[in-house]
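The data below hold one chain only, encoded as C-alpha cells and taken in the form predicted alone.
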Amino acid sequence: MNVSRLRKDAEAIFLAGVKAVEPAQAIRKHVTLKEDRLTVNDRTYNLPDYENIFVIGAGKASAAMGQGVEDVLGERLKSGVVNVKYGHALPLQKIQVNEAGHPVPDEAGFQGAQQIADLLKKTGEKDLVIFLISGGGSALLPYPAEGLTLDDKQQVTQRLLEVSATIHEINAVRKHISQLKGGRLARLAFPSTLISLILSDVIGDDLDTIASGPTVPDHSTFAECLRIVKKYGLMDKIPASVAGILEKGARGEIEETPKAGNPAFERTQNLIIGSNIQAVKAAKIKAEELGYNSLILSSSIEGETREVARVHTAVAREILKTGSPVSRPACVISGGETTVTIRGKGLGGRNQEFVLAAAIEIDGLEDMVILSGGTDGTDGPTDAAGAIADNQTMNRSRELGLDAEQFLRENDSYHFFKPLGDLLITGPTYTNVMDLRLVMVG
C-alpha cells in the first residue's frame, strides 16, 4: 500500500464517516409515522391531539434535517423557520430557510431568531413544535438578552474565540446573555409540546452545551460566566453592558436560566440522532473493508491542536517500530475537536493545522498518510474541510520553497497546503459532528 493508495483510501474512509451522519437519514432512522402516530425513538405522539405542527431550527445541518422531517410529516406540517450558515441552505417545502453568520452571529441570524421567537410566542398547549439543532446552532440563534445589542454579543463571541476559550466556556456565557439559550427556548415554547432532534458537535454529547442548550436545564450560572470572563482577562475588553449583566446576575439581581425541575422540561423530549462516534465507527468499518487493521483511538479528543498532532504521530511511529497498538497496514481513527492558540496572522483551521504539525513530525518516515477534516466540510474561515499529507509532503514543500515551520508559526496552514494541492475540499456536507482524523500506515 504505497502513498498514492493510502491517500485515496484515506479520503474514502473520511467520506464514509461523514455519510454515516447524513441528517435526513438520521431523521428517518429515529422518527417514524404510522397512521396518526408519530414515534420519536421511544416516545409516541398521537397527532390528532395537536392542532398544529411547527418546525424550528438552528445549525449548519438544520436545512438538511428539515428535509428529513418534511419527508416524514408531509402535509401534516404547518410551517417552520430554520437558520443555517451561509452556503448551507437547501430548498424546503414548508420550512423557511434563513442563511446567517457563523461563528460570529450577524443581523440575518438575529432576524431569523426573532422569527423563531415570534412563532413560539403564538403556540399553545395543543401545538407540537419540532426543534432541529446541529453544530453552529449557538451562533445561528442570536437573540440578545434585554438591554444588549447584537453587536454586544458579536464582540463577546469574538473576544472568547480570540483567547481560545473552550466551547463549554463560550456557550456558558452565550446562555446568560441570550433570551433563547440555556433552556430559555423551552420555557418560551411552554406549554406546547417540544421535540428536540439533535446532531451533536460537542465532546461527550452534553445536551446543555450543544447549541448552548436551548431546550435543556442549564447547569451553568451567572457567577460561573463572570469567572470565565475574568479568567481570560476580558472584563475591560467586552462591552460594559455585558459585564454589567454578568455582575448583576452573579449578585442574584437577574433571573437565572431555567434549571432542572422547571415545568417546561416536562413537555420536552431531547434526542441525539447523530454524533461523532457514529462517524468514527463508520470510518472504521470502511477502513476494514479496504483491508486495513483499524483502531479507534477516541471520539473525544480535545486539547491544543499541535500537541494532539504529536500524540497521533507518536502512535504512528510506534506502529512502524513495534506493530502496536495495531499492525500494518494500519488505520488509526480519532474524533473530537481540538483548539488552536492563534499566534500568527495566517489563514487556516484546526484540521489543517493538525495536518501541518503532523506532516513535520512524519517527514522521511515510511509510507504514511495523515488526514484531518471537519465533518461539516468547513475548517475555520476557509473553503476547505481540512488537509491531507504524507511522509513526502515536506520534500515537496521544500521544492516549492515553502518553510513549513514558518507557516505553522503564522497559523497559515491553508496557504501551505494550497500550492501543494493537499487541501481537503468537500464543500458543505450539510451535517456537523465535529472532526474526523486518520493516521494511515502502509
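Note that residue numbering begins at 1 and tracks the sequence as displayed. The structure displayed is predicted, hence computed values, not measured ones. Only the largest set of C-alpha atoms that superpose within 1.5 Å between the two forms is called the rigid core.
This protein has a second form, the form predicted in complex with a further copy of the same chain, left out of what is shown; the following refers to that one.
The closest heavy atom approach of residue 221 to a further copy of the same chain in the predicted bound form falls outside 4.5 Å.
Using a 4.5 Å cutoff between non-hydrogen atoms, residue 318 counts as a contact of a further copy of the same chain in the predicted bound form. Taking the partner from elsewhere, residue 331 is found to have every heavy atom lying beyond 4.5 Å of a further copy of the same chain in the predicted bound form. Residue contact with a further copy of the same chain in the predicted bound form: residue 310 places a heavy atom within 4.5 Å of it. Exactly one of the stretches 245 to 253, 110 to 118, 196 to 204, 344 to 352 approaches a further copy of the same chain in the predicted bound form with heavy atoms within 4.5 Å, and it is 196 to 204. Shown without its partner, this chain lists 300, 269, 262, 123 as candidates; in the predicted bound form, only 300 has a non-hydrogen atom within 4.5 angstroms of a further copy of the same chain. Residue 361 is the only one of 169, 106, 361, 99 with a heavy atom lying within 4.5 Å of a further copy of the same chain in the predicted bound form. If you check a further copy of the same chain in the predicted bound form, you find no heavy atom from any of 41, 127 and 139 within 4.5 Å. Relative to the superposed core, residue 317 undergoes a Cα shift smaller than 2 Å between this form and the one not shown.
After superposition on the rigid core, displacement of the C-alpha of residue 232 between this form and the one not shown amounts to 2 Å or more.
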